[in-house]
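Heads up, the chain below is alone and in the form predicted on its own; it's given as structure tokens.
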């Protein structure tokens, strides 16, 4: 049975979609320029490679940690995981909302890794979508996007055959903050560079206080923070062990025992255990609406 076409006002549809995102818990949402994404992303990793008739890419962002989280020791913060699953839940619901309300094919963009390319290559760059939609700008802290009002967030995307007016990227990048520029002038590092436990961040700040170069050693970062490859490595080490004591060491090493525990309780911290660059980031921790307390205070002052 042919799908019944209906007249849809793109402006009204966009308003309804963005309002849905905010109503469900997103702090920000926007429409990325599809042509720009297709230009930037390599073949095989463009929206059209997943959804051939895609017309619009919707990006949304949810808040990061609570204000209290930044005061706890790193060994405790490692269990907090992230809020990214909240973003994915909103995006998944949005796809159904759009199809139900506008009878137009829509998909939740998988945030997952490409099974053909391995565990370091995503099917789509949610970061590119968010940056072009104007809901985040790339920071000196690796692949983290920052927002001038909300600090750092987690993002999700939705592809649709609805043709929606794209938004523009942020006009100015909040990173580096003035205090970070001042520190860089003194010691050649920003806080995120200085306090990264594995020193995976380096870069340069231009004379005008803007980002000049950002370097991110993903492998060094991933070795500490993304341990989904550590589990099979530990099992392989145990299989290769030549005697019982060596096998026991491989499986019950203190660090590996923590992995087994996290797997058993389903902790989101299993795949993201280090927030030290954000702990010292003045944008992540002190942006006007960066956490629930600041957002509550701002609402009370209205």
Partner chain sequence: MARGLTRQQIGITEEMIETFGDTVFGMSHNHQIREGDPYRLLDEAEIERQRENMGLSDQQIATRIGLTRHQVLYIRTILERRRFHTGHFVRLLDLGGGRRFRTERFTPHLDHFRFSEDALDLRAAMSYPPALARIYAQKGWWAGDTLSLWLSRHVVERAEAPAIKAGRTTLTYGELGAKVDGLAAGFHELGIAYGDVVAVQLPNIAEFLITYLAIARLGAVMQTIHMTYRAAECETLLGHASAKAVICLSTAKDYAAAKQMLGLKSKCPKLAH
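Residue numbers count along the first chain shown, from 1. Being a predicted model, the structure only gives us computed values, none of them experimental.
One more form of this protein should be noted, the form predicted in complex with its partner chain, which is absent from this view; the next part is about it.
Note that among 150-158, 88-96, 105-113, 67-75, the stretch whose heavy atoms approach its partner chain to within 4.5 Å in the predicted bound form is 67-75. Though the partner is left out of this view, residue 165 does not reach within 4.5 Å of its partner chain in the predicted bound form, counting heavy atoms only. In the predicted bound form, its partner chain lies within 4.5 Å of some heavy atom of residue 199. Its partner chain in the predicted bound form comes within 4.5 Å of no heavy atom belonging to residue 190. Residue 132 belongs to the set of residues with a heavy atom inside 4.5 Å of its partner chain in the predicted bound form. Using a 4.5 Å cut-off on any heavy atom, the residues of 160-196 that reach its partner chain in the predicted bound form are, in sequence order, 169, 170, 171, 172, 173, 194, 195, 196.
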